[in-house]
Ligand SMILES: Cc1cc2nc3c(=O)[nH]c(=O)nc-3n(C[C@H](O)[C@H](O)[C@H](O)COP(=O)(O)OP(=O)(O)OC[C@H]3O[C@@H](n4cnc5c(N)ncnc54)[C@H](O)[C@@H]3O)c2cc1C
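Shown below, as structure tokens, is a lone chain in the form predicted on its own; questions about how it binds or moves come after it.
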Amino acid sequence: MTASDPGFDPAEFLPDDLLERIRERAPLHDRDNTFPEQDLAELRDAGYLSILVPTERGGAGLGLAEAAILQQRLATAAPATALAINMHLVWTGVAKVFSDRGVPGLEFVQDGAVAGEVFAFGISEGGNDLVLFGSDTDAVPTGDGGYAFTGTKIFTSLAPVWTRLGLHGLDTTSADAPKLVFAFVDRTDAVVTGDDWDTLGMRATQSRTTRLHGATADAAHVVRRIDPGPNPDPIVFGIFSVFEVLLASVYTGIARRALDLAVQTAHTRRSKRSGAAYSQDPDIRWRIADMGLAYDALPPQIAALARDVDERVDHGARWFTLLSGLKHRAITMAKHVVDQAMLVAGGGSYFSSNELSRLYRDVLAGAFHPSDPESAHSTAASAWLGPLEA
């Protein structure tokens, strides 16, 4: 099944009534700075956690292109819920990248997702701009094929509820060191979750700091040992491709919601001067047209690159430029659209109770996800101009 398949109906996986319940809860979780437990429970019951798992393993058998559409749809209701779920879907998406390419090792992620497990994403570290290419977390062999991880991970979404944490660390002691180790640890006393998530936006993600004190991954859950630095290994491509596509999807969903709210407002607000609806005002019409023109460019781009991942298209070294560029364009577009929506809605949108006010705060988080604007531009410059001269 593909996203262009006429048999694919997003409402089958995210029914309108479920979206409305999630939408109603979103401002409460934002106000109270709490994790959306009910959203997760309903999404789990609907089979959403296993949408990317093949049907033969009990999942829905969807592709990344379909998941991208669904994440855009979920983000129109609750961006923070969508962003939190993204981190689980990244791992199930990487597992799909592996299985599609005949690479073993992540079947336990697929089976776990079907069973209702929640996988969190423990890659980000404070000050580590190498991201996937390096780690400040120590990965020490346990002698039986497993590893013990000690270090600090930041922006760990799903912090209150995850059952397994996918992470990486640096092995500096083995004979073939250094090696980057990608593995999964369970929630134990060796994993300490901070209570430090009090942010401007995306509050319901509860992306708290995670401190690892010898957290152990057994041999069965050590997925990859690779050389640090840029690497063609499937784990690097899988994480980067799925992460960037699904991240672009969430922020594109925010833009769509802001555009829809601006259109609604333009039809309902009336000018005291002319008595006409704002939808008839030339300046408002220009703003909404500008929003629509910006938004319309992104869903086809997301669909095209997601489909290329699904169909194993080989873009070679261009993949990293294409994917980081997609994320960058989605973030800048979404922020522009929300800015314009605030102006269309007027002063009422400045009140914290207004949905646009929440979207305005939520969309700002996009700049802090990899690839950041500097990295995206550096990657694009190298692609077009070649590397910097030594």
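None of these values were measured; they are calculated from a predicted model. So that there is no doubt, residue numbering starts at 1 and follows the sequence shown.
Note that the form predicted together with the ligand isn't included here; everything after this is about it.
J.: Tell me which of 212 to 220, 152 to 160, 300 to 308, 233 to 241 has residues with heavy atoms within 4.5 angstroms of the ligand in the predicted complex?
T.: Within 4.5 Å of the partner lies stretch 152 to 160.
J.: Which one of Phe184, Phe121, Tyr278, Trp319 is close to the ligand in the predicted complex, taking close to mean a heavy atom within 4.5 Å?
T.: By the 4.5 Å criterion, the partner-contacting residue is Phe121.
J.: Of these, Gly229, Gly126, Pro282, Pro104, which has a heavy atom no more than 4.5 Å from the ligand in the predicted complex?
T.: Result of the distance check: Gly126.
J.: Mark Ala113 yes when one of its heavy atoms lies within 4.5 Å of a heavy atom of the ligand in the predicted complex, and no otherwise.
T.: No, Ala113 is distant from the partner.
J.: Wondering, does Thr205 line up within 4.5 Å of the ligand in the predicted complex on heavy atoms?
T.: Flag for Thr205 set to yes.
J.: Contact between Phe98 and the ligand in the predicted complex at 4.5 Å, heavy atoms?
T.: No, Phe98 stays farther than 4.5 Å from the ligand in the predicted complex.
J.: With the partner left out of view, is Leu83 within 4.5 angstroms of the ligand in the predicted complex by any non-hydrogen atom?
T.: Flag for Leu83 set to yes.
J.: Quick one: Ala77, Tyr295 and Tyr360 and the ligand in the predicted complex, is every residue within 4.5 Å by at least one heavy atom?
T.: Contact check failed for every one of Ala77, Tyr295 and Tyr360.
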